[in-house]
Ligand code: HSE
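As a starting point, one isolated chain is supplied in structure tokens, in the form predicted on its own.
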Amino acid sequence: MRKKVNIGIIGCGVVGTQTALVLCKKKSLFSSYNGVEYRLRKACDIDWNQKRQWMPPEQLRIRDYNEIIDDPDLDIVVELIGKFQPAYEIIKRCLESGKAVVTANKFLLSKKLLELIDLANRNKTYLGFEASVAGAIPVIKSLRESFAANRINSIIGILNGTTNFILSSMTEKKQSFQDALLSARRLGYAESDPSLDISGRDSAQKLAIISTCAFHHPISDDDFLIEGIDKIEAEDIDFSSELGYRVKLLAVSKRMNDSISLRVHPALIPKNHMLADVEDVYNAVYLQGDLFGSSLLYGEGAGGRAAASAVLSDIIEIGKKISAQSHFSEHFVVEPEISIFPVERIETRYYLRFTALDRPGVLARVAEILGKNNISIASVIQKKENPEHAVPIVMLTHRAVEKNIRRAIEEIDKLSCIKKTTRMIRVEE
């Protein structure tokens, strides 16, 4: 049994620096777990002049990542630079040379996860990627190990802390979207360019990784219906609350017989749902399986410490396997018969907010178009009365088919009495 595992880190930003710090500070503690010494041997970054919370010892610092890839004495390479390239090249070369890789690169993995797992298996090494999804929450480990005997039927997640903070602020503090976004920036929860988060694309990348693991099928975020939260307004939050719901940005994947339905969008969820109370920057993943029933995984989904916790978990687990000098292949059985469920066939309830002139016959005309498209109305809210100006009319439908909803909205928005584009939010119950 080997007693030492040598580690190189490529990318010493917030997460990389925190990982390096903990490896150095807790070396004796990690060794006490299983008798293996985890040794940080090299740390690579292109700019060591940048201010950091902590700096690795000078003798460990390098600028050329090839020195890590080509070092035969390194056992685990930690890739934390993000983006597709050069990360893809780095990970492939490391796996091909027999080095294990730990990465948090959700963008890359949402496109290439199964390819890289297969490459690791063929070269009798390992790929760890817990940190790519939901920070310190052990979602990947739960799916690969704890729930391995289950057929996963449903995944519903709050996977982005920035958007959850914004929606929480709009709900609890009655802020507008723009004010909530400014608060998120001021507190460091939102990037200077928050478009990846706001658009839902970040959540989609994470859901692609979770769904690939859960459903044993290659899934890309290109397969998704993706909508962001930028069109959610304060009155949508208020009306939803009156109807008994909270608004959350949800990442949803579900088995539909031999298909998988994949979507990321704002959704109304009942106030008594387990996800309704997930606030601020916290993440949560609600899973349903044929054996365990329902399970909620909850915790910090963002930040350097949370991500470093997940990176270190992979390092320790892979280090144990390397020290045992026995490779355990990850036999990822792909289910080829599974297809992607068409977006237009999604069936759920819908929240609709029309902005219409308050005149006789308007409500009847809207209801007629909905009925013509096989959409029935469950409830209606119309509080304001102002015959001279447009006012909001909110409807909650019974279950309806997505293509019918879209067709009906397109027709309704052409009516002369409708003065703004209709807002539609799906309901997840």
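Keep in mind that this is a model prediction, so the values were computed, not measured. Residues carry their position along the shown sequence, with the first being 1.
The same protein also has a form predicted in complex with ligand HSE, omitted here; what follows describes it.
Peer 1: So, a 4.5 angstroms cut-off on heavy atom distances: do all three of 141, 209 and 289 pass it with respect to ligand HSE in the model of the complex?
Peer 2: None of them does, since no heavy atom lies within 4.5 Å of the partner.
Peer 1: Since exactly one of 161, 157, 319, 200 fits, which has a heavy atom within 4.5 Å of ligand HSE in the model of the complex?
Peer 2: Only one option qualifies, and that one is 161.
Peer 1: With ligand HSE left out of view, which of 302, 108, 269, 356 would have a heavy atom within 4.5 Å of it in the model of the complex?
Peer 2: Among 302, 108, 269, 356, a heavy atom within 4.5 Å of ligand HSE in the model of the complex occurs only for 302.
Peer 1: Contact between residue 89 and ligand HSE in the model of the complex at 4.5 Å, heavy atoms?
Peer 2: It does not: once ligand HSE is placed as it appears in the model of the complex, residue 89 has no heavy atom within 4.5 Å of it.
Peer 1: Answer with yes or no whether residue 152 is in contact with ligand HSE in the model of the complex, where contact means some heavy atom within 4.5 Å.
Peer 2: No, residue 152 stays farther than 4.5 Å from ligand HSE in the model of the complex.
Peer 1: Evaluate residue 189 for contact with ligand HSE in the model of the complex, applying a 4.5 angstroms cut-off between non-hydrogen atoms, and reply yes or no.
Peer 2: Contact with ligand HSE, yes.
Peer 1: Just one stretch in 214-222, 78-86, 246-254, 294-302 has heavy atoms within 4.5 Å of ligand HSE in the model of the complex, so which one is it?
Peer 2: It is the stretch 294-302.
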